[in-house]
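Heads up, the chain below is alone and in the form predicted alone; it's given as structure tokens.
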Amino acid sequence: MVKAFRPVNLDEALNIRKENRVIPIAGGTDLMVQKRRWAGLTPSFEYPLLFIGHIEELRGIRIQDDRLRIGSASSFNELLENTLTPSVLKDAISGMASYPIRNMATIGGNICNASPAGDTLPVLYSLDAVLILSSLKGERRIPIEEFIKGPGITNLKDDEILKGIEIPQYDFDLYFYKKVGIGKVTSLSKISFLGLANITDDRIKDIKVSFGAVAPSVVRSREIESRIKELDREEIVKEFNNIKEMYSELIAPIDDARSTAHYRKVISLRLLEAFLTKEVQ
């Protein structure tokens, strides 16, 4: 039998988290797969479960202080159905799993699972998402790229719970999102790519580029983005090979059951080319 806690509010959950070694669980769609055993057997967890998906303080999608605030226990279907959710995030979510799974799966779980192939992660990286981590000592905020340290490894402390995600209200002239996966409706990601750009007087005023499933964590380089800014459309084409080479050094995929490293790298760079030399044009 699996021991579990079901606190009534966030304060109780944080007290349990501080006093016990537990595994926080909201929808559980990732954890139940990771901990599964032979058919008919209860999944095996090394520590008691802390159910948090029902806690009101971890739910809701709203504008607060000119930022979009998403509760970590918000399900993917709730995000899809909410008018405040950015279109690019909806695009990423709509290609995930099946409707029943999206009813259970939460954005906080997708983040804390810290998979390089996590579908929402390239979007959250490009949108400069900041995570709100709660403990009995208070709250701390940390950019998502500092929170995820590697596959399955995060900056979450033993006494903390991911409370929410804050996203600046950006307005981009264009976005180019592509996911290459296995299957269609329940597509497992081989590669995901997101490009966002603002163009004024034929020049790139702002640009954000992220790749998923091609390195231990999402690939995004603010340094390369800063080099692209202020280039005009003709200069983008002329400089593309240099830009491609810089990103090529960061893209370090692996061979696994979903795809090969070679395929991932080639397709990632082709998506980059499609964005910079076609979409931006």
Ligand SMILES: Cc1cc2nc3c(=O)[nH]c(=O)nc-3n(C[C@H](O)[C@H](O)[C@H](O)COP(=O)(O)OP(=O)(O)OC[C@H]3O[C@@H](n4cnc5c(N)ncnc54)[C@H](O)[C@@H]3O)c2cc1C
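Just count from 1 along the sequence shown to find any residue number. Remember, it's a predicted structure, so these values are computed and weren't measured experimentally.
As for the form predicted together with this ligand, it is not shown, yet the points below apply to it.
Engineer: Answer with one of V88, A197, L79, C112: the residue that has a non-hydrogen atom within 4.5 Å of this ligand in the model of the complex.
Structural biologist: Checked against the cut-off, the match is C112.
Engineer: Which residue among I191, I161, L127, L131 has a heavy atom within 4.5 angstroms of this ligand in the model of the complex?
Structural biologist: Looking at I191, I161, L127, L131 one by one, just I161 meets the 4.5 Å heavy-atom criterion.
Engineer: In terms of non-hydrogen atoms within 4.5 angstroms, which of the given stretches 235-243, 60-68, 26-34, 249-257 touches this ligand in the model of the complex?
Structural biologist: Going through the listed ranges, the match is 26-34.
Engineer: Would you check, heavy atoms only and a 4.5 Å threshold, whether I204 touches this ligand in the model of the complex?
Structural biologist: Result no; I204 lies far from this ligand in the model of the complex.
Engineer: Within 4.5 Å, heavy atoms only: does A105 come near this ligand in the model of the complex?
Structural biologist: Because a heavy atom of A105 falls inside 4.5 Å of this ligand in the model of the complex, the answer is yes.
Engineer: Using heavy atoms and a 4.5 Å limit, would one call L156 a contact residue for this ligand in the model of the complex?
Structural biologist: Contact with this ligand, yes.
Engineer: Would you please decide whether A97 lies within 4.5 angstroms of this ligand in the model of the complex, comparing each non-hydrogen atom pair?
Structural biologist: Although this ligand is absent here, A97 would touch it in the model of the complex, with heavy atoms inside 4.5 Å.
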